[in-house]
Each structure stands twice: as structure tokens, then as C-alpha cells.
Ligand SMILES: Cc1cc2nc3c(=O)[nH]c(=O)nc-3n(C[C@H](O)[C@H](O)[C@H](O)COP(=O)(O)OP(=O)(O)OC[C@H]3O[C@@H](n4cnc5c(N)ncnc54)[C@H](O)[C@@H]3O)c2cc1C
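Single chain ahead, by itself, as C-alpha cells, in the form predicted on its own.
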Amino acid sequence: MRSTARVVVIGGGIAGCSALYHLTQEGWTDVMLLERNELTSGTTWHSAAQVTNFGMNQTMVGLKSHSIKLYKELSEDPEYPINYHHADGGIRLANTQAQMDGYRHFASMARGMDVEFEVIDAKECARRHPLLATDNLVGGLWDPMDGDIDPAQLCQALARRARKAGAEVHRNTPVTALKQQADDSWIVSTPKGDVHAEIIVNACGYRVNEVGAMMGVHHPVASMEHQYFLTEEIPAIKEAGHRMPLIRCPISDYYSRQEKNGLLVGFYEQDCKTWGMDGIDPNFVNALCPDDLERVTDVLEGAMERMPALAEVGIHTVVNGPITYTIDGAPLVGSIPGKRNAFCIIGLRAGLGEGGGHGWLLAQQIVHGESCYDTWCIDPRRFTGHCNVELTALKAIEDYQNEFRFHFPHEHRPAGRPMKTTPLTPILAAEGAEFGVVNGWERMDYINPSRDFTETHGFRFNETFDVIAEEVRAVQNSVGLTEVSGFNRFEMTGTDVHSFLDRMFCGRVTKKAGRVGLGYMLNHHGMVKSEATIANLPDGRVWYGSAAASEWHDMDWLEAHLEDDENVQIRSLTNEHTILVLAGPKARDVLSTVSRGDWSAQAFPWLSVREAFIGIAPAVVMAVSFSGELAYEIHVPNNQLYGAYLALRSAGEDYDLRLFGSRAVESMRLEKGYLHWKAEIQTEFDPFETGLRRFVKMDKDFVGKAALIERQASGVQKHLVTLSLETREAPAHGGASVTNAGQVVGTVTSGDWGHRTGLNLAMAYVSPEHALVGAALDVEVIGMNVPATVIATGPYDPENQRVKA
């Protein structure tokens, strides 16, 4: 075994083997995999190994498509073919129209990735799968590329190709310690000796936190026991003359695929069970948990009703083994938060099916700094310090129980809530607030108009439409108040703060005390990395503010670019302060009532910042707006937040002040053309494509400039535009395809009804030839081809008179 390696991958399941192989495909061959036992001896060997194209967003669809293409190639390798049942087809069933709406949306989203799904009715489901009963069945989503693969052969094939490219694979080589050096490299200790590695990758499956502990980190990954069984031979399968399609059923929480002339049937029972919470036996290798079919009786009965043949056949083998889950069910693939030269590829509950794609994207991140897709949906930094063991377990149970039930728009499931709150959370709840969750924070969605009001979640406009309209109307005509919990806030100090920020941002960074500016950071490929407001307080402190979810992401990026000789200190205030937003034409009147000083437009114009008191509560007040109305962000220490809130509510009584939530903000920001991080702002687009040309100053140096110059030579590939849709039935949802003459020419990033303009609005990236104002296009909205027109971005108050009033 070599004593040095550029990358050491720890773990020999599908995650580790895929990462190792794809590193060699990116040109790095000085790489090594260490496995404590034999390859695939953890979860991989007992995987049901289904390979689907279905994903909840385009990144997931893209990485799964890569897996399918790679697995097909491996299966046809004449030197080392593997067993892959490619393109048997698969059906995801539905028994409600709301689920069918979701499938229509996902089909549109996949179409933008050159993946064709088909939405079929109940009769067609039964025709394609003759074992299905159609009782209580509406239809399903057909994936023609669905199939299954031999897990051990797949991993051996990947390891074999990696070895041929120069990689080393060492079995029976457990990692016993990890120590980071002053230059951020790592000493990886094993019984066979130490390896000095530039970079390490945690790919340890259900032992992820054993290795995490060696690095001083905890990963929000928990394991669940999962059971499936293999049936005896079923005559109808033998007689069918073709392989049975795969079935995934959210009605009865089971899946099935053909195994020889029988079925493999797996269950996601409600009475589920976590595994390994109190530690894992070191000798648990190639092992299973005790069978417990009694626990799955309820879902088994449902499976038999859907597939009556199951009631007439014996069980050949029962498998009960651990599989890993994260807090939101999606894997953690990328940089480990707070660590340099450390990556992970963990929490792959559907590892075999999509592991090829995960390893592909991780290898690109390690070698190039970014992948070809924006990978925020699988980024380990999308969760922060609140993700403890107990919360992870609760969310893992919830995700397991809802394995085949996708999240509807604005649906926030109850497990592990409330996790992060402010002093106002119970106060707002008493006012009737309904809450969503942003990075663990409870954030007000809207105010419930009555005790018996309920929302029906789905892809269409619902009962909240008029509720949101009233909140918007209050902000437009009078004054509204909302809380923005969890907003990311860094305090930056030091003599080099502004020169540091000037290097990080692609535009001018305001240095004037008492002023606020908006700016964008690019990655080393010239793509948009982050958006932030920079507020210069009078005493020299700088406040950096960005999206709530970006807390660890932005801190890692800023700290990674600090030079050793730069005098800059960065301290997070995210958990110490909360924002109250006062918005509307009467906002200045309310603010003047509760705070001393001159708040006139002349004394405190748009994009100003000052320290003040709100009643008796100290605050930092910024004249900024995400609604397009006159507005103030009031940043208050959490221990005095309630006092500031009471002062504003009391003063607002004379001005008809109303509470409003984040749904109203979303409607209003689309009317203004304001961008949302990880909706419109993605690493797949540069600032020119994103419509941020005015924020780029090419006469200065900044991170990503060289790459941006290079990109300019090839021209803009996409343009971000605003669309007006001709329907009142449903909004466009992120990922929906934009078409022209039936051909996909773009993708929606976000959409909602604009209550002030009376327009059904969407933002989308489209081909340049379709980006001119007035262009006629179509948007696929839950199966409907809706006519849409490109309009000028920011149709509400385009001259910005209201924010400056």
C-alpha cells in the first residue's frame, strides 16, 4: 500500500466505488479506496438495486440518467459484463388527482433533461403490468428506463475499471484515525500503516458517523431497518412472455420488481424501526437484522389487494437490512461543512440506483470545484448545526413512512418541529400564523383567516389564494409586518474587510458608512455562487446578509478565500438576531412613531442603514425591500425581539397594520423580478445569463473573472426572463419545461400569482432567440400547454418609485 495518495476514499460500497471510478475518469489516478472488510459488505450487498430515472428535481434526474447510461455500458463490457435488467419499465401509482398533477409536473421537468416519462391511466397501468388490480387506482407515471442491477457485480466492475486507470483498492483495511495537518492535508491511519492524503472522502454508508467522529463532525444520517421478500415462482409471470415492470405504490407503501419468475416485494411500513442509534457492532459485516414480517402486515395486506397474485404464492427468502436516510431524504454529496479537503458521499438510501451519478458529480466537485449541475439539493451544507441525532432519526422515520409520497408545494411535514424558533414563534402562532420551515427555522407562511380554515396541498391554486391576496393588498395600500427568521448574518471586522469583499464580489462594494449594497460572488468558473447584501455600520463593522439556507455554504466560501495576511474577522450572528420587516406606504409613519430620529426620505433614503431603538429595543435598521414597497428591515437581538414587535404592533394600530407571511413576499418579489438563491441564482449560469450585468464590473479583479471573460467569448447560452401565463388554474412550478412549437427551449425556476399586477408570473431560463420581450411561448403546467409571453422583468413599479417614496 502506498503511503501517499491525492485522494483516499473510505468505504467500499456503491458510493465509494463510484467516487473512485469517476475520479479516474476526471484524470486523477493517484487515488485509493480503503474498505474495512470486503467490497459491498455494508448495505450495498443486500440492496434491492432498482435503477430509476425518477427524481424530484432536474439535478436528481440528470445524475440518475448518468447512472443508467453508465450501467448500460458496464453491462455490455465484453471483458466483464454484469447483470443489468435495463428498461423493463416502471410505474409509480396514484389514487388521487393531486398525485397525478404531481406526476404531470415531474414528467415536464424530466423532459427538460431529455428524459421522457408518460402519465397513464389505471387501465393502461393494468395493461402494462398484468398482476395489478385497478381498484382505487387513478393512474400512474411510466418510466421506460426503469430496471434493476446486480449490486456486487456493479461495484466490482467500477473498482476494476478504477484499478485499470491506476487507482488502488485495499480490502480488509479499516481506518482507525484521521488527523488533519497544518496544510489541510490528512493522515489516514490503518493497521497496515499511515497514508498521507491531500483529500479524503467519507463514503461509509451506515458507519458514516464512526468516521465522522474521527474528524470531529456529526453527519445528519440515520439508518432504518428495511425489509423485502422474494416469492416463489408465479405462473402468470412465467407465462407473460416479458419481464414485469417495476411498481412503486404510495397507496400501500410497497414496491415490487421481477426476480427470476417470482417477485421481490419491499415494504415501507408505518411501524418502522431505526437501527444502530446506540452504536453498531464492529462485527456486523455482510449481516442482516432479524426478520420481522409481523411489522409489515398492514402494508403487505395492501400489496396483496393491489397484486392479488401475492396472496397465492409462498415466500422464498426474507431480507431485513439497514438503509441510510438524511433529514430530507436526499443524499449528502460534496464538501463537509467546516472542513478543508474533506468530502462525503453518504445518506444514499437509493444508492445502487443513483450512486453512479452521485460519484460522477462528487468527482467533478473534487477535481474542478463545481459539477456540471447545481448540486445544492444534495450539498451537505444545506443543513446546519441543528441537525442532531434525535432530529435526524425523527425525520428519517418520517421520510421512510412517506417513501413514495412526494412533497407537494408548500407542504412542510410535522416530524421534528419546531426545531429552531424565535421568541415570536408562539406569539405569531397565537395570531393564527401557519409556518413553513427554512433551514430548520419556523417561518411564517401566512395568517390563517379562521380556526376552521385548512389548506389542500397540491400543484394548483388553492384556498390560500384569497388569503395571500389580502396580505399583499395590505402591504400595497397600508402597512404590513412580518418576521424573517434565520436570515444569514455575518459581522465582518478588520482593516482589510472592504478590500477582501471587493475581491470576492464581481461588482462594486459600497464602502460608505451608513449605506447598503447588493452584490454577487462568482465561483472559479465564472458562475454565480452567492448573493449578499453588504451593510456598512457607522462604527466600521460590516454586516453581510444572505439567504437563511446559505449560512454554512457562504461561511465556507468566504473563509476559504481569506489570505493569511488579511486582517478580516467573520462572526456569525445568524442565531442571535431576527429581522422584522415593516413594509408598505405607511411604514415610515409606523417607524417614526416608535423610534427617535429623522426617518424621512431625505434623512434615511433607500439603501441606508443606521442603529436605532425600536421602543426600548436596540436594532439595526436598513431601508431595503424585497416586496417592491417602501420597507425597512429591522434587525433585533432575539432577547429583545418581543419588545420591538409589541412596539410596532401598538404603533401600527393607527395605520391598519396587518401581518403578512413569506407566501405574500414570494408573490411580490416575482412582480419585482427579484431573484431567489437556488431558484434563479444557480451555479449553472453566469451573471450575464442571470440578468445581473449591472452588478459586474470588468475593470476590477474578482474571483471568477478570468473564467467569465472566457465564457463571454462563446456568448450567452441562456437568458433569465419573466413570463406571463394565460391561466388562472395553477402556477408554473420550478423545473417545468418552456416550449416553442413543441420543443423544449427553457426551464421555469419559480412561479406564482402576482396579486398587484393580476398576472400569473414565472421566471425561466430560455434560449436567447426566445428571450425577447413579446416572444410567444408555452409553459407545461401540470399537463397543460399554457400560452405564455415574455414580458419585461419587474412589471410592478418598474421605475422603483415606491421603494424610494
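Predicted model only: the values in this text are computed from it and were never measured. Residue numbers here begin at 1 and follow the sequence given.
Omitted here: the form predicted together with this ligand. The next part is about that form.
- At the 4.5 Å threshold, heavy atoms of residue 214 reach this ligand in the predicted bound form.
- Contact check for residue 344: no non-hydrogen atom falls within 4.5 Å of this ligand in the predicted bound form.
- Under a 4.5 angstroms non-hydrogen atom cutoff, this ligand in the predicted bound form lacks residue 760 among its neighbouring residues.
- A residue is said to contact a partner when one of its heavy atoms sits within 4.5 Å of a partner heavy atom; residue 65 fails this definition for this ligand in the predicted bound form, lying far away.
- With the partner omitted from this view, the residue of 102, 262, 322, 139 that lies near this ligand in the predicted bound form is 322 [heavy atom within 4.5 Å].
- 37 is the sole member of 57, 37, 29, 740 with a non-hydrogen atom lying within 4.5 angstroms of this ligand in the predicted bound form.
- Listed stretches are 437-445, 389-397, 514-522, 205-213; the contact stretch with this ligand in the predicted bound form is 205-213, by a heavy atom cutoff of 4.5 Å.
- Residues 10, 11, 12, 13, 14, 15, 16 are the ones in 1-33 with at least one heavy atom within 4.5 Å of this ligand in the predicted bound form, listed in sequence order.
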